[in-house]
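Below you'll find only one chain, the form predicted alone, shown as structure tokens.
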């Protein structure tokens, strides 16, 4: 798909050639983002199978990134700072050592290990994973802190309900070197709510990315967590997001013509955690194209429809060199001029899973750490279980 290729080109343009760190956004002066760098790593590996990058070029880029992040100034106890100077790899913007952003980086690095087995890239990726002292981020509790700063210690925010943090949980529980106890998996709340007759384990903001990030790497289709199937949960949340937009289409022009995708993005008043019910459901008519695209594995028909309409009706203002720009708002005649690295990343990975038989899932699910997480938490294979999430 041309969209995937165009989107991938963001990482070629906005990754520093000397450090291998990827910019948070295309905005001039933007810092590097450790999460965007993780998505870039996985995207470079994927590119080798499509001929977008040669094996040698991709390998060189990935190796450079992993070597840069072996520098202990980039973080603490194996975790990395959220934002880094793209030229030096050192902390910038007084940012926190981030739990979730580190997990997304490690996931991207492990994807690379699967594409370049028994190489230095494989060794470095596994070494970086092995060095993360996951229990440190628990701060003597069973919930992960969002992060830590040298000036103040642990942030007073914890991953206490459903969100994108499932990738953090999986990697920490499955670690061979610094695993966290099984109780960590059951400590966070599975809050339920019903929207349009759909019971959903929901994220606080209702932002689509919270139902997508972990699912770019982990194949939940056959896994049951005490009767909850998180793939089905994300499908329901995606449909709910679409229905929520349709329900408010009389208020906001942007939501008309089957356009949907409420998720954290840039907006007329800055970056906002846009979302739909169930959840906080803050919205102002701003749609992020990556929202519908990132849900394509859950809602192929509905996502393809939204992609087609956005491209046909708004491509002159919304689509450019690196694919769809971050967001738009017809009601305020506002169009983002930037691309965001993490939003580009979820497009590349989800389209890869959708278009190529879940190839990222297949590779990621083979890692011993992921298998340990499944075994440790008692997740059931739905092929061997009659349990399922009920309405």
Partner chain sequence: MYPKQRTGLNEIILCGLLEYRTYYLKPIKWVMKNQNRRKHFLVHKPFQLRYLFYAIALLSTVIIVALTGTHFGIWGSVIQAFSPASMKSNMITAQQIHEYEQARIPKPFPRADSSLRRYEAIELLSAREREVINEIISETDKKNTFLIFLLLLFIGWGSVFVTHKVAGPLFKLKQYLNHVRSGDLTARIKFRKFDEMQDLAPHFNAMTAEFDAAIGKLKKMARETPSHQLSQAIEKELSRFKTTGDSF
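Treat the numbers as computed from the prediction; the structure is a model and nothing was measured. Numbering follows the first chain given and starts at 1.
From this point on, the text means the form predicted together with its partner chain, which you will not see here.
This chain appears without its partner; in the model of the complex, the one residue of 188, 158, 195, 220 with a heavy atom within 4.5 Å of its partner chain is 158. The single contact residue among 57, 331, 338, 67, judged by any heavy atom lying within 4.5 Å of its partner chain in the model of the complex, is 338.
Using a 4.5 Å heavy atom cutoff, none of 14, 122 and 352 lies near its partner chain in the model of the complex. The shortest heavy atom separation between residue 299 and its partner chain in the model of the complex exceeds 4.5 Å. When its partner chain is considered in the model of the complex, residue 251 lies well away from it, no heavy atom lying within 4.5 Å. Remark: residue 145 does not count among the residues lining its partner chain in the model of the complex, judged by a heavy atom distance of 4.5 Å or less.
Looking at residue 117, you'd find every heavy atom of it more than 4.5 angstroms from its partner chain in the model of the complex. Only one of 175-183, 232-240, 287-295, 263-271 lies within 4.5 Å of its partner chain in the model of the complex by heavy atoms, and it is 263-271. Of all the residues from 64-87, those having a non-hydrogen atom no more than 4.5 Å from its partner chain in the model of the complex are 82, 83, 85.
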